[in-house]
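Following this are structure 1 and structure 2, which are two forms of one protein chain, each written alone as structure tokens.
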Structure 1
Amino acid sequence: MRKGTRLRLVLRDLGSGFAFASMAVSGQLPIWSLVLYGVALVVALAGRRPFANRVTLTALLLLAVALTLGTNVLAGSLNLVVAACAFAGLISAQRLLSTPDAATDGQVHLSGLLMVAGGAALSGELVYGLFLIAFGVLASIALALGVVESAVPEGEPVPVRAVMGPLATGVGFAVLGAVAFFILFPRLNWNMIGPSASPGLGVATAGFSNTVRLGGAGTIKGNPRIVLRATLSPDPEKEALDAYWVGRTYDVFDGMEWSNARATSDGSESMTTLRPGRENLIHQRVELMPAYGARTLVALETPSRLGNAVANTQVGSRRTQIHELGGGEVRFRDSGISYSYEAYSLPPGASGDDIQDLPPEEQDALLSLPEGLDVRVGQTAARVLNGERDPLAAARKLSAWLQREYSYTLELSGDVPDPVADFLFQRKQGHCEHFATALTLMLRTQGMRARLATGFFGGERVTGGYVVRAGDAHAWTHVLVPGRGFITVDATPPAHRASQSPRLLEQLINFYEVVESQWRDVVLDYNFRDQLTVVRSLTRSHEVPKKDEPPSRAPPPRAFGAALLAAAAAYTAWRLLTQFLSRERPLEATRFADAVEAQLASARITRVDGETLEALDARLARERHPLSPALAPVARRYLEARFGGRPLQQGEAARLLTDLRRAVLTESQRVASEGTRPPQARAS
């Protein structure tokens, strides 16, 4: 393998690897396809091509895989887009391990294009965009090196250093052109044909179900993905909000799971009222991020009204209706990648709910106990309360006792027959659901109404608002206090209520989330309306005219500044384009080669089919032809002008042709004087 070829193959293989990664980042490809392609890429980068002598066998294996994938698609067990992407990866892997000739190179690059198209259908997220750029750069350089390599005579090294500079410049202009294209033209979200949306860094982990089941490990506490962004009015301007964001409450416990006594309603509306509002409501503009992975609206305790929702889907954003379910849960009617909506909540304190306003089945459920509840639960509660009968004081007393006597852990062995008794009397360790369940049931054993609430706890201040992470998922207790309604009492130790993920990881996720948000706004969702908004922001004045003063129709100063910048950019582009068009382009070198060939033909020296000028020069040198010394500098200068980034200077081509013509004439005279025919170089 000659110098330069190895570099070209490494760039080609790496480009294919980035194309495959643009699909794999969606998290939807089968595991076996990831493993097979990964092994093939490592073997190819090591310079091994084990399929070079097994073309027929590997082609038959690919056919068998195609039939298997097709069968799975027809059976409904595999999505068509996912199956096509997985098969494109296998084709590319087979080509990477085959003989690296010109045909294989083209097939590797073509399969790379198919894979990035598949990646656009599956994801289109920020990481996909980075892999797409990497593929474009590496594949472009590999293709250009392949062209240069084919023009260099066999046995001679490829002038890699000479061509890398012009190639890098060309690729840089191509990237800038692509950026300009993205800014100037609106675009569609290509993943509209994909099977589902991807949250970018893997599957969503937060969410709400119809039940809460005790037991298992609480690994979600270590998840730093941002699931909620919100702006508050009035803004408390705290770095750590320490607020409860409620999604749903539960009132029935069967010993293993929490559920609701009230049935789901069927109505839909754009704005729903859960309880009467007051003048000092806290307004929230909430955005649920793709990592949220559920359709339940979340709001600060205690929500009064929720609505004006918009669902962001793969084909754009649209208004969506909401409907109320049991437990005060409100859900979006339509599914989407992310959501935005408005919410109004009462100030922290009490809900104001009256027991008489609750449905009868819910009033009864607030005192219900599971069958077979361990008698020690009630005995322990009575012993700790020691005659305390006020519901709020009792809840706080039991909460303090639980925080003092029990420890927090996310490492649980799994389901046990009686998780409450196991937590209170065996392990004496648990996470927030165990603490909240124990407090709720202990209150009920003493005749005090209580229920379980789930949602998030926390809120980290960012520019202009607050973010909540998946690791902030939490459960707590609502105790019903006569005259005040439901009041939050949290039995979980305070240090373990919010996310448990490392701070450095949270900062890295913050950075990624900000860039991803910009990618979604500026790239994926960029449309004509956004363009008009940008133009209007430059041409319209934001200043409020003074009283009794007519509004000015003159453009603001920034409009003139933008016009000057645009004019400067246009002038610079025109100068660069003029210089580019006026320089001697590679086509001049091609015409120069044609003129050299015509002069050699006059000396009865012609090139055989497929023979380059450099190869002809090498052949004449081997034959010790008299014209070889005159042709060598001409051929070298042609190679530099054609591939080395050194175009022919003004008059240089004519001077070289004159020298060659003079040498041909001298040789012709010498042959004539000797009475012999000049040497024939036709045969090789």
Structure 2
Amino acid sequence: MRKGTRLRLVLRDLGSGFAFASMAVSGQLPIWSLVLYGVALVVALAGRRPFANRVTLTALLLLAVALTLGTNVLAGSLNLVVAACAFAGLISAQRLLSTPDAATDGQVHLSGLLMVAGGAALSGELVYGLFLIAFGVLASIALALGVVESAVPEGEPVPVRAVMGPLATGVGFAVLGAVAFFILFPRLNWNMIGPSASPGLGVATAGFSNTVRLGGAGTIKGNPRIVLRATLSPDPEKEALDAYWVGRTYDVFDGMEWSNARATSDGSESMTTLRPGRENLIHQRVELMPAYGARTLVALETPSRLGNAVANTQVGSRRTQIHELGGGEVRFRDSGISYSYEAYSLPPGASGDDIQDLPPEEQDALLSLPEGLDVRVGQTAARVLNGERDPLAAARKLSAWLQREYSYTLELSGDVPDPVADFLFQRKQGHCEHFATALTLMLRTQGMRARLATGFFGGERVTGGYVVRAGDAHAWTHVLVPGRGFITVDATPPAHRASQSPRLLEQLINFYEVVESQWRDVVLDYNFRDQLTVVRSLTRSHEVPKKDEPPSRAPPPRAFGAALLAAAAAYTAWRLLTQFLSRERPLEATRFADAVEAQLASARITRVDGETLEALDARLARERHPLSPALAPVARRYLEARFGGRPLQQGEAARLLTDLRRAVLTESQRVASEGTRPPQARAS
């Protein structure tokens, strides 16, 4: 194997590894394909090519893997795109372990490109971009070294070091190309495996599931990620909002979990009216962030209308339908990484709901109690209420009692058989769900209708709008007051209602949110549709056409300008590239001659304009220069290597140079000693 080949192969294999990693970071590839590829890469990097002699056998193995993947796809256990990506990885692995000839090299690079495209389909994360750039750099260096290798005559070592310098330009092009690929290649991100493949720190909330398991959501209280941005009008102009953002409510409690009596409604439209509208509605323009991780629309209590729903998916933003579910929940039909919509809410203190509006099963559910509820719950409630019969007053009394007698904690109580009894009579501490559940059930034991509401509490003012964090997730109680509807009563101690994450962490997260938001706007959301928009805006004239003239069918001058610019850029790049590629690379013998001349220059022997080493050697011989005998064999060897077809052997150049250096040193010492020696008077 020639010198330089090894380096090129290592670069090639590493490039392929990065291309595979760009798919692997999506976390969607089957684990066995990760393992197989990893092993192949390690073996290849160690310089072993065990498949070189077993081409047919390993190709058959690939066929078997393809069949397995195909069966999995048909059975529905594997997504087609994931299967294709995994297969591309395995093809690359097989090629890595085959004979490293020109055809294999091409196939490795091609499969690398395929894997990078697969990575774009599977993942749009920042780290994918880094892997893409790494692949671009390594693959292009490997390719360039391949070109150099084929240009160097057989037997001559590859001038790796000399090539590496000029290659920097090529690497610059590769990085630019990779960045362009990353920006221009439409990211698909089809949300193939999980319900959500949201970028960044992952899903932040437990989401709005159909049930709430008591004690299930306490962990998110310390999570400072922003799940919602909203601009309100009229603007309350408060730094910290003490508002309830309601997502959905629950009316049935089975002792462990809250759920809804009424099932999903079928209707699906772009705007849902929940309650009759009034004057002075609070308008909200809401954006649900990727960290939200659910499709439930959230609005300030009490929501009246929700709509104008837009889902931001990987392939663009589009209007979408929403539909209403039980518990007042309104949900997006389509999934996206983020959503935006408008909401109208009744001002605080007003409610349009009334007992008459509710279907009978829901009315019953508002009073239902779980089977086997601890009798002490009702006894305690009766004792605390002490004859109070007004639902709102009773709720406030119980709430005040709970806040006084019980303490707040984020520690989970563990999986206990009766969490309500455990909270009320054993631990006497819990989080919002415990407080809200206890209040709701205690009211029901006294014949007052109440339900559990979940959503967020609070809102932090940020640049004209408000943000709500995952840690603001909250649960509270709706008590039904005859004639007024549901009124919010919060049993949780006020200090513990909003997010309890550390301030510094919140600031850090704010910074991250800004970066991620930019990332989403500039890169992830910069999709095919946006590319078309950019192209259209470049080619579309903004001038209003005059009425008398028929509209011209020819493209506007802007189009020609843009085309000209693009052509100029392409031409410049091509020129630079061809110049770089056609630049003469110094032969080894020439570099040797350069080194010889450098040594001679140190002995103050310089060649005159245009003089070759051969001519210099002849001149020194004519002048009977003391260094001529030392130079002659060196110059002769150079000529043989350069023009005689007898390349320098390994280490020969160094040896010849050492001999010459010794001669130069001796000569300069001789000159110095003659120069310093005082002229001796000769006695005659």
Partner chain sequence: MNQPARALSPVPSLANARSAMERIATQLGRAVQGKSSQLQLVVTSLVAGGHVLLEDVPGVGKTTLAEAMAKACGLSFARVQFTADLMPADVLGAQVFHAQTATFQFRPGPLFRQLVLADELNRAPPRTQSALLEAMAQGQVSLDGATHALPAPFTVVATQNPVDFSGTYPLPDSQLDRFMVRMSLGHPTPEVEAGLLVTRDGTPPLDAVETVSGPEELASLRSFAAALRLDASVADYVVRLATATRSHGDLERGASTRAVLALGAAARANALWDARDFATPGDVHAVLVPCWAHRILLRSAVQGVSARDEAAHLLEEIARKVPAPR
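The term rigid core refers to the most C-alpha atoms you can superpose between the two forms while keeping them within 1.5 Å. These figures come from a predicted structure and were not determined experimentally. Residue numbering: structure 1 sequence, from 1.
Each of the two structures shows the same chain on its own, and it is structure 2 that derives from the form predicted together with the partner chain. Annotation: Cα of residue 117 displaced by at least 2 Å between the two structures, core superposition. Relative to the superposed core, residue 383 undergoes a Cα shift smaller than 2 Å between the two structures.
After superposition on the rigid core, displacement of the C-alpha of residue 374 between the two structures stays below 2 Å. Once the two forms are overlaid on the core, residue 655 shows a Cα shift of 30.7 Å between the two structures.
Its Cα shifted by 7.4 Å between the two structures, residue 23 is reported here after superposition on the rigid core.
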